[in-house]
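So this first bit is one chain, no partners, the form predicted on its own, shown in structure tokens.
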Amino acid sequence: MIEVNNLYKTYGRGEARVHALQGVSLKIHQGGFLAVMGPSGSGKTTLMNILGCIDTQTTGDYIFAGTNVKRLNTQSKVYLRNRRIGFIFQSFYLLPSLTARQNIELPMVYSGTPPKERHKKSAELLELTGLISRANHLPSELSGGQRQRVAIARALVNSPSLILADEPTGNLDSRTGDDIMRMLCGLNKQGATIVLITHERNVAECAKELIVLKDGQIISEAECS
């Protein structure tokens, strides 16, 4: 499903140049679950942003479902990002003035989904994430774990081919973090392809494969038991 070949990403010029990625290559098959670890500044977020079509590599190729992403125009990249990729972030990024249901429906509003279809889909996802009783609550009225569940539901509204999770348990206590990881593992068992960034080894071991980045390069690769 995903193939990254000899990816380089450089920021700045001259003495201020920073090599965020240096020759990264990897493959993720449909239904795969890849964890990415590494110290701060290792290139994890840069890799995630390129996979999510938020950023563009300097050189190298990123193949998504048979399509070389660097050959797509801006509009096609936006469509790919909005319709085929779901994002889950450490800080949730929920709009404080919208209810849980409204936050979940937001991507469908942007994609022009009719209201009746939006409401049906959000109801299904509220049920899936155990939030049906909290549908009309604002983010400030939800716990951290509930806010992350809303973020997960929002990431799933357009039935993405790929879910990118950037430290999804980072702001949560260990018990709630375990609950979120069980949910992600369940989604993976249902066929979702997931790429997870984490600093926590026990979280990474929930994945099927693990890579470790350092100074923009993959320094180790392993299958998780």
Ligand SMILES: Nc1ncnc2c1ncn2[C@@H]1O[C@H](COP(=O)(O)OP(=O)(O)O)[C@@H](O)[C@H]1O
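Computed from a prediction, not measured in an experiment: that's the story for all the values here. Numbering starts at 1 and runs along the sequence shown.
Missing here is the form predicted in complex with the ligand; even so, the following discussion is about that form.
Interface residue remark: G186 is not counted as part of the site for the ligand in the predicted bound form, having no heavy atom within 4.5 Å. Looking at Q57, you'd find every heavy atom of it more than 4.5 angstroms from the ligand in the predicted bound form.
In the predicted bound form, the ligand sits beyond 4.5 Å of every heavy atom of T193. The closest non-hydrogen atom of G170 lies beyond 4.5 Å of the ligand in the predicted bound form. Only one of 43-51, 61-69, 22-30, 156-164 places residue heavy atoms within 4.5 angstroms of the ligand in the predicted bound form, namely 43-51. With contact defined as any non-hydrogen atom lying within 4.5 angstroms of the ligand in the predicted bound form, the stretch 173-210 contains no contacting residue.
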